[in-house]
Ligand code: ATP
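Consider the single chain below, provided in structure tokens and representing the form predicted alone.
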Amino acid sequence: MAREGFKIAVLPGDGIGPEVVSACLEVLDAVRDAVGGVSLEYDSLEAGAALYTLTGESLPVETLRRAGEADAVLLGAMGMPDIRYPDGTEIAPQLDLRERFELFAGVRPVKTFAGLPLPLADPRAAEIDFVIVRESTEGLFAARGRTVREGDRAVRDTMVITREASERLFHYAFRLARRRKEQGRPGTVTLVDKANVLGAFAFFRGIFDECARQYPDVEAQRSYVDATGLNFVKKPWDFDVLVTENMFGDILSDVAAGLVGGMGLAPSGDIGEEHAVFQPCHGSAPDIAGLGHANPVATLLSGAMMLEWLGERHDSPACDLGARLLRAAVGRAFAEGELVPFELGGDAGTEAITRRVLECVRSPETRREVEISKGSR
């Protein structure tokens, strides 16, 4: 039976986090009103570096409990460069959430927007539309908090690749490519690894090959991480779904954001079997906090990912429609080329972008566009 009401745990966090989250909640409310048939209840929770300086805790037990009880988590930004744990690492409650809730698939969509300046001069850059799926529970990040030190002579961080985590990651990537193929995309999964050098990645690739045989309708490709970096610059429009290890995915996600204009346009979802956290890929950007310059688009698109996930998980057509309406509204907001964010050389800040997206959400033309696109699938 379809669900209609959802509780969203909201963690605004640090720096520009509260600014972009506030914009996203306003737009989500407008989307809810436009589509009808769904209710969203927000539970605002504390976490982050600023909280750590006050209490000595970056992710309180109560915050973790309430986040676990929510239907989804919307997160702004966590951490500040000058606030660190005693071992020198930054405050990163988002990593704690991934580990605690087994959020194994870090999903990072990468897509250009008509009307915005493109970093790459090639006209084919306008066709960039791919997704990075990053394993988020192990890989090199498994060493976090477990660094082995040998006095002042050496340190060792150990990468972990397991069959269980790899299989669930690859199945997720192949199912995603299958859905994208139904929507007109190529339906290709590219494994990114370094199997020619490290045995852990040879093991990773072997599991990928086993999983690929279960999806004969989806093309499976393999690419070394250095070659992938090169092709991000030379021909990123050729990619569809890329799947990779934690550290490689962390690096490639930021590079990919640069291909379409920057971190302000880069949404993400950390997906598990039972829980999911949605957040912009950017950090807390303390240098622009409070200036009104923050681009809320990455958070808005993360909100659309959240609605889509809720729609799939709980059989909610209203959530699915809301996700498509929100994405269409963001696209229409920039289509005429008059609205350009600060980081792309324009003068549009948080308020101007939010107002324009709200206008597009409420526009009958946007709703018709969404209905037409649904019918053409």
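Since this is a predicted model, take the numbers as computed values, not measurements. In this text, residue numbers run from 1 along the sequence as written.
Beyond the structure shown, there is the form predicted together with ligand ATP, which is absent from this document and is the topic of what follows.
Engineer: Would you check, heavy atoms only and a 4.5 Å threshold, whether residue 96 touches ligand ATP in the model of the complex?
Structural biologist: It does not: once ligand ATP is placed as it appears in the model of the complex, residue 96 has no heavy atom within 4.5 Å of it.
Engineer: Can you tell me whether residue 219 touches ligand ATP? I mean in the model of the complex, with a 4.5 angstroms heavy atom cut-off.
Structural biologist: Contact check for residue 219: no, nothing within 4.5 Å of ligand ATP in the model of the complex.
Engineer: Consider residue 264 of the chain shown here, and say whether it contacts ligand ATP in the model of the complex, taking contact as heavy atoms within 4.5 Å.
Structural biologist: Although ligand ATP is absent here, residue 264 would touch it in the model of the complex, with heavy atoms inside 4.5 Å.
Engineer: Considering non-hydrogen atoms and a 4.5 Å limit, does ligand ATP approach residue 102 in the model of the complex?
Structural biologist: Flag for residue 102 set to no.
Engineer: Among 159-167, 231-239, 174-182, 285-293, which stretch sits within 4.5 Å of ligand ATP in the model of the complex, heavy atoms only?
Structural biologist: In short, 285-293.
Engineer: Every residue in 28, 308 and 329 with a non-hydrogen atom within 4.5 Å of ligand ATP in the model of the complex?
Structural biologist: Negative, none of the three is within 4.5 Å.
Engineer: Pick from 320, 43, 46, 343: which residue has any heavy atom within 4.5 angstroms of ligand ATP in the model of the complex?
Structural biologist: Contact check passes for 343.
Engineer: Taking 4.5 Å between heavy atoms as the contact cutoff, choose which of 252, 211, 131, 281 touches ligand ATP in the model of the complex.
Structural biologist: Looking at 252, 211, 131, 281 one by one, just 281 meets the 4.5 Å heavy-atom criterion.
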